[in-house]
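Given as structure tokens, the chain that follows is alone and in the form predicted on its own.
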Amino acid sequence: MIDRDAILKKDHVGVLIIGGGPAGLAAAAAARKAGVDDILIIERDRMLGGILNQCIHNGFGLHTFKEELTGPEYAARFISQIRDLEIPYLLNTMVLSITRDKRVTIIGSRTGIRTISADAIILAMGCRERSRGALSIPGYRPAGVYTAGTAQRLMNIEGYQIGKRVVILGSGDIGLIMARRMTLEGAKVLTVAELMPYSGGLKRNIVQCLNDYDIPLQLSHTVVNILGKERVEGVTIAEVDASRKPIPGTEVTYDCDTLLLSCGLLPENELTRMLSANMSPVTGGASVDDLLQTDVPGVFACGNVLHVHDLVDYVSEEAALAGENAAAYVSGTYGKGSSDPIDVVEISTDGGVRYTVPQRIHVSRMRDSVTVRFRVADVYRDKTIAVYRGERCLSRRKTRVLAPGEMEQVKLEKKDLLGLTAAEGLRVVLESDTV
């Protein structure tokens, strides 16, 4: 049995996990199974599970559990593991600060303000939505403007109906799912406007959440005005040109009482920046190696705090790897200590690949294989995903369609990388299908 009073008095743990969402839970379970007895999860919400608790639609777990689950069901599987493995956690607890020598200051109603040190830390804080302030939309600030995630929480957890006539700006997955959700609750979703010439969501969500309910998607369109002072009375949408500037004369005003914003997610990395960890300017998350370790020894990152995923199954897979590597770091059996720069090879990208995670490989200490995930910069058809060691092609895979909303991956085999040097280089590129 977990001694709750002892948890409140702890000032040192083996592995400290910040975040009790899908990433934090999977990392904790993996670290315990890898042999770490001293683990603590810090969660700022009143329950474990993170964003999954408000995702009552199905479609989760097909990779992890080989069955289709709702978000709360998926979270419950991992919460059960945490309890069965007797991994302690603190709820309603915020992290105030974190230092490079792995000292974490927390505040909570039961703990007060306390500092806990750790042998290893796993960052699993998730991500947040872009707000209206970040989008610079003209107009007053009336009631009825919500981010899609806030609307989802208000409807699915708090039980509120937030509007009857709705316009959605942005075609991220949460916005697409909320278009369907509000329709099922009796609201009329008038249109979904997307600034880019392509959708930011999964193809299956466009089909199941928009097409199946005859909800129009307007690409290369944006909101140029919000009408109303006390409550939203209307939204004006205009087409944009190639430089994403509104085209005069294309404005259309929709009579509505609600505007949902689904304009992208940002990794929640204030704590990572507090560590002065090296950050990726593309993902907004930390730059990590094949261990998912930041450039701060013993500090790992996984899930949406590292880069925004499209499937929670991939979050769990990645987080389990972080948990295993943190356990190995603590035990001194793998990855701890030396980071010989001669052995570190950065992964470069070309041909439309925006970024990779991990961003670098320690060849001599890598596992037998490493999964490298990435996103592309545009919609591409009939392309080949290729991996090069210097001038030698290690792998090549043809694909019919690639889109920014769909995460891709390649697998690197250690046997193919032995002896690799930084001078040779490692590249993930898109090529024409005729290459």
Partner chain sequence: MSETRELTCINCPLGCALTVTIDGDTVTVAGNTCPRGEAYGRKEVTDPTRIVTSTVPVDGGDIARVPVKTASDIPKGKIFEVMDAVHTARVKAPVKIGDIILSDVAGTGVDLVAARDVAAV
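Positions refer to the first chain, counted from 1. Just so you know, these numbers come straight off a predicted model, no measurement behind them.
The discussion below concerns the form predicted in complex with the partner chain, not included here.
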Pick from 389-397, 364-372, 26-34, 49-57: which stretch has non-hydrogen atoms within 4.5 Å of the partner chain in the predicted complex?
49-57
With the partner omitted here, the residue among Ser280, Thr99, Gln208, Thr349 that in the predicted complex has a heavy atom within 4.5 Å of the partner chain is Gln208
Partner-contacting position among Ile137, Ala328, Leu195, Ala76 - heavy atom within 4.5 Å of the partner chain in the predicted complex:
Ala76
Given that the partner chain is not shown alongside this chain, does Pro72 nevertheless sit within 4.5 Å of it in the predicted complex, heavy atom to heavy atom?
yes
Any of the heavy atoms of Glu406 lying within 4.5 Å of the partner chain in the predicted complex?
yes
May I ask you to check whether Ile157 falls inside a 4.5 Å heavy atom distance of the partner chain in the predicted complex?
yes
With the partner left out of view, is Arg204 within 4.5 angstroms of the partner chain in the predicted complex by any non-hydrogen atom?
yes
Residues in 164-187 that come within 4.5 Å of the partner chain in the predicted complex by at least one heavy atom, in order, are Arg181, Thr183, Leu184, Glu185
